[in-house]
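Only one chain is shown below, in structure tokens, and it's the form predicted on its own.
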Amino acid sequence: MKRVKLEKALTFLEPGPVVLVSTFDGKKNNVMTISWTMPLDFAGHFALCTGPWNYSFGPLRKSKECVLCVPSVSWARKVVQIGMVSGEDTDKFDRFSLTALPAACVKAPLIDGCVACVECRVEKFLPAYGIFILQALAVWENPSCQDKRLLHAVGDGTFHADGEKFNFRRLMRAKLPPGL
């Protein structure tokens, strides 16, 4: 083993797929790219970490709802570009040719073409860390999405894509909730 800088820890533990978080501020839709999300349990609780440096932070605090949209790796360049501009002065849906679809439980939109979308309500905000605790209200899967590989941020400007899949469902059956 070789000791490296503490900042490198993030590059080994970056939580999971890059997601597009859609919000609605009462007048317009917005979307931000984020990788700091994680599931908290099998009951549909998630954590999302952001702050006032993101335009979506305000609408998320005010409306207390969002949609976590999971893009496939085929959207990698677009996902990074979405994250490089602010919704404060850019209509990202227009600029990046995103199609907003109506959600069932929240005012923020689903994004057409994503692998999946999870409508969420904010249950709690932990201001010291910028962590939103979200409760899933509805989950949508896109059966027409051909490429279901997910994009993972490493934290240093590089990304990985899902590769080979390993199925251990039978081995883990005792730990999986019914219906999963």
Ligand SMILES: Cc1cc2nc3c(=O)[nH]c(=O)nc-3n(C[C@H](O)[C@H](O)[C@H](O)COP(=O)(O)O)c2cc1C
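On a predicted model such as this, the values are computed, not experimentally measured, just so you know. Each residue number is its position in the shown sequence, starting from 1.
The form predicted in complex with the named molecule is left out here; the points below concern that form.
In the predicted bound form, at least one heavy atom of I82 sits within 4.5 Å of a heavy atom of the named molecule. For the chain shown alone, V31 is a contact residue for the named molecule in the predicted bound form, at least one non-hydrogen atom being within 4.5 angstroms. Although the partner is absent here, Q135 lies well away from the named molecule in the predicted bound form, with no heavy atom inside 4.5 Å. Taking the partner from the other structure, the named molecule in the predicted bound form has no heavy atom within 4.5 Å of any heavy atom of S74. Look at 120-128, 39-47, 139-147, 53-61: in the predicted bound form, residues with non-hydrogen atoms within 4.5 angstroms of the named molecule sit in 53-61.
Shown here without the named molecule, the chain has G87, K92 in 87-106 lying with a heavy atom within 4.5 Å of that partner in the predicted bound form.
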